[in-house]
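For reference, the chain that follows is the form predicted on its own, supplied as structure tokens.
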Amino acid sequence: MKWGLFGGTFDPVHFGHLRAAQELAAILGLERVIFLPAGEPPHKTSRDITPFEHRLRMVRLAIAGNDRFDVSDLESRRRGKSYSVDTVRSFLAAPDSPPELYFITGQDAFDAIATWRQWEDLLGLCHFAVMTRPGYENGGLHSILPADLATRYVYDEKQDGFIAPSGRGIFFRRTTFLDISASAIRESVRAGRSISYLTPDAVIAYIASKRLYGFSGNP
């Protein structure tokens, strides 16, 4: 079995997240994609984050009916900041963990992976599935990783990925780019503009019912 771990703030979850997860599941043959709302995101300290229970509930509503999608509250059960390496270790220690985990992240986030906590350990624990945007040209890993580490990876044409001696790979995959951002959704809600077709109707209804993001009118 192969599972994808899709971390993010999901404040709120939107169609850009959902479509990318659906495509990666098909491209990589993932039996499950598990959405992991961050408890306390280490890289996002400039604004207040919506309470975890609301973000978790919105993801549950968004993925309802998709048998391949699931959501975990793991990161809310740990104190302090949510670090990806701790999350992956928790999954690997679980009795039902599959032999292959793919950590799903965006191109911009992966380009900054050297700033992540224990990032070299993380690369050795799981595969990485990096979502790329239109126009992105894969120039290899030397512009992202230190030279001594990048040279350990060998491009495998059959797998279309960079494989380390450990067998863990880094796979750059283009997914349909939907120019939707959670920050733009929040701003639209505050401004009283419609967010229809940016996120599922069930999420819109939840935002309205809980008066999230300064909601005061028609969503």
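All of these numbers come straight from a predicted model, not from anything done at the bench. Numbering starts at 1 and follows the sequence shown.
The form predicted in complex with a small molecule is left out here; the points below concern that form.
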{"query": "Heavy atom distance at most 4.5 Å to the small molecule in the predicted complex, all of F6, F10 and M131", "finding": "yes"}
{"query": "Selected contact from Q159, S166, T151, S183, since only one has a non-hydrogen atom within 4.5 angstroms of the small molecule in the predicted complex", "finding": "S183"}
{"query": "Candidate stretches 71 to 79, 90 to 98, 143 to 151, 106 to 114 - the one whose heavy atoms come within 4.5 Å of the small molecule in the predicted complex", "finding": "106 to 114"}
{"query": "Contact test in the predicted complex: I195 vs the small molecule, heavy atoms, 4.5 Å", "finding": "no"}
{"query": "Partner contact for A20 in the predicted complex: the small molecule, 4.5 angstroms, heavy atom", "finding": "yes"}
{"query": "I27: touches the small molecule in the predicted complex, heavy atom cutoff 4.5 angstroms", "finding": "no"}
{"query": "The small molecule contact at G16 in the predicted complex, heavy atom, 4.5 Å", "finding": "yes"}
